[in-house]
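Here's a solo chain for you in structure tokens, the form predicted on its own.
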Amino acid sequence: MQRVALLGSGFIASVHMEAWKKIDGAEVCAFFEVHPDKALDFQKKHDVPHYDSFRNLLERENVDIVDICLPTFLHREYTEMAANAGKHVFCEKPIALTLDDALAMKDVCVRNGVYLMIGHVLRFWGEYVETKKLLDAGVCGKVRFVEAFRLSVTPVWSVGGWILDPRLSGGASLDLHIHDLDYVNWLLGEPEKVFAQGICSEKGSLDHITTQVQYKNGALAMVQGGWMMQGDFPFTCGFRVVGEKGVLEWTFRAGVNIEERGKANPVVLYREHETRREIQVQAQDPYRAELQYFLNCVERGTPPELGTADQAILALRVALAAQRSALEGSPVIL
């Protein structure tokens, strides 16, 4: 049985907690939270020991895995503490706010011989995974263009509004946009050039952005992301992949706070001289899938091949280049 320390008690920590409950071979033995009211609510709901000091938690609990669901600006600090204590680390995306912090996180885990996985959940999201498999099988031929998008209302769940402060979260152009930047990297390989344009919020955060990424294999991606939608606009995401022999398309609306993420819409394949084909993907919780995968890696002693530090660093590199491009008004060569 692998013992998990969960760091945080907010929205994504609650999603992870529910996922861990359904995973055999692991148990959340304690959680860390510095805000008393949040900690009390979380403890009442889940009946898990609470610590307001991560160091005390590590000293008093036998922990194998640390699951970091803290704000992005804290990722490096707590990854270093966990790795230096010899614990494997699963950390929510984005890996960090800066490349220096991201590289330090990778380095400390390597030096301590522990695994580091970043929660780029699209690599476990059914429709995204199925599309990757179909493209690898050649159903669309050589991929020439990918369009991906992710739109939501402004998040209001963060303590003190940290997620709306670009100094703490990177804004939507990092926190939200990075999902699809990582996905197009997964499909298309090594990015070469980035050009972006965006809109800033009243707080000066780049919270709606469209990024064009040119890849070394000649493919082009156009990625849009933002959380400036209004009213009860539902969380909306999707993609369109254009290949030499076919097109794959998927669009999904999942409720305001992705509470309907378990629903499944078909991926649609269009090929010349063929009737459109709807590909049904079995609904599953992608957060549970990614945590199960990491647990399997720990138990087998095999480093993760999905959500690796290098993949997360590349996604961060593209996201930061997009921010720079949007603010400067010119392309950025990677």
Ligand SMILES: NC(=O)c1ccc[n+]([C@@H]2O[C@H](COP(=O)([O-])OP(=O)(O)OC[C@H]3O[C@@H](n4cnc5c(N)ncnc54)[C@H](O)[C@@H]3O)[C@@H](O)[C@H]2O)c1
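So that there is no doubt, residue numbering starts at 1 and follows the sequence shown. Keep in mind that what you see is a predicted model, and the values were worked out from it rather than measured.
Absent from the display: the form predicted together with this ligand. The rest refers to it.
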| query | finding |
| --- | --- |
| Candidate from 112, 251, 201, 158 lying within 4.5 Å of this ligand in the predicted complex - any heavy atom | 158 |
| Heavy atom within 4.5 Å of this ligand in the predicted complex - the one residue of 229, 220, 74, 103 that qualifies | 74 |
| Candidate stretches 209-217, 92-100, 181-189, 134-142, one within 4.5 Å of this ligand in the predicted complex by heavy atom | 92-100 |
| Touches this ligand in the predicted complex: residue 195 (any heavy atom, 4.5 Å) | no |
| This ligand contact in the predicted complex: residue 67, any heavy atom under 4.5 Å | no |
| Heavy atom of residue 162 within 4.5 Å of this ligand in the predicted complex | yes |
| Distance check, residue 12 to this ligand in the predicted complex, heavy atom within 4.5 Å | yes |
| 4.5 Å heavy atom contact with this ligand in the predicted complex for all of 44, 285 and 288 | no |
| Any residue of 20-49 that, in the predicted complex, places a heavy atom within 4.5 Å of this ligand | 32, 33, 34, 35, 38 |
